[in-house]
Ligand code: NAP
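Heads up, the chain below is alone and in the form predicted alone; it's given as structure tokens.
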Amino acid sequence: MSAVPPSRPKVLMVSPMPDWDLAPMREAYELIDLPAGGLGGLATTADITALVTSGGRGAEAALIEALPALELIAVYGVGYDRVDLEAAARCNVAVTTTPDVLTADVADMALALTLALARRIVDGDAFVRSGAWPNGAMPLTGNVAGCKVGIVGLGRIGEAIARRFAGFDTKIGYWNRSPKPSSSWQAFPTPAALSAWADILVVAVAGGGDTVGLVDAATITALGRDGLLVNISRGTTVDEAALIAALESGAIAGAGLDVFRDEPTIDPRFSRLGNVVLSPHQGSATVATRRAMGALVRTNLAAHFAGKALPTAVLSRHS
């Protein structure tokens, strides 16, 4: 009599992943896609032991509590502000993310948005394509070299952003929730104080309840009429209504945005503004980084099911 093959752990896929990740995952696990209508579309949820989601989608309390055998939430991303950590802890569910592997690309995006905004790269492209160039030169633009750059949030990504801007002979200042005594860059007591000093304000603080609206109307307008704001963190960290009002009135010169409060459905007023550069949350969206992120998700899954320590846990299970 042939041996019965061991059953594979069941993993609920809440968010899509590339085929290069799904193929090896299917060999090790039984992958179950979350139906469009929710868990009610599944025959059973009793034996789902792991869940894979994105930082943007997360996992709410109702989802966590509806999976009685759930042991692990593996986040395909560095942010976990949309994972209900209280519910996960209450249900004894571990949570992992994919830090570090995306730091460089997100920092690059902050610099790219700043350069595109200051040097009006998008406008220049349209100017050439339109055939207007033979009729006269495009208006002069701003610059980045020598400017004062303020960074809100000096974590892994914030520090990487600062190092990149330092290469442009800029002056670097920052605000951070926790002191950074080892940093040689100038610290400021509040985001508003940092903004009043800066020519360019880059928001790199982590998302979550305690940073919602952290960059408020006063902080935005403190930049002044020549100031630029760049956000590569979360759409919730900036008071979006105040930002739009400042852009419409000319209270600040412009904004480069990779994240939005209600993405992918953004406030339509952004599309009517000529002083913004808009990006569809592409900070980590390179082939190399997404491969590394997927590999780290798989490493965390494998470690969990092998009973080993999780490489990048933000919440561990209690025994």
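From 1 onward, residues are counted along the sequence shown. If you're wondering where the values come from, they're calculated on a predicted model, not measured in any experiment.
From this point on, the text means the form predicted together with the ligand, which you will not see here.
With the partner omitted from this view, the residue of Glu86, Asp210, Glu248, Asp169 that lies near the ligand in the predicted complex is Asp210 [heavy atom within 4.5 Å]. Arg177 is the sole member of Arg119, Arg90, Arg177, Arg163 with a non-hydrogen atom lying within 4.5 angstroms of the ligand in the predicted complex. Gly155 belongs to the set of residues with a heavy atom inside 4.5 Å of the ligand in the predicted complex. In the predicted complex, the ligand stays beyond 4.5 Å of every heavy atom belonging to Ile220. When the ligand is considered in the predicted complex, Leu111 lies well away from it, no heavy atom lying within 4.5 Å. At the 4.5 Å threshold, heavy atoms of Ala255 stay clear of the ligand in the predicted complex, well away from it. In summary, the region of this chain contacting the ligand in the predicted complex, judged by heavy atoms within 4.5 Å and restricted to 66-74, 255-263, 26-34, 39-47, corresponds to 255-263. The candidate spot formed by Leu102, Ala206 and Ser233 lies fully in contact with the ligand in the predicted complex, as each residue has a heavy atom within 4.5 Å of it.
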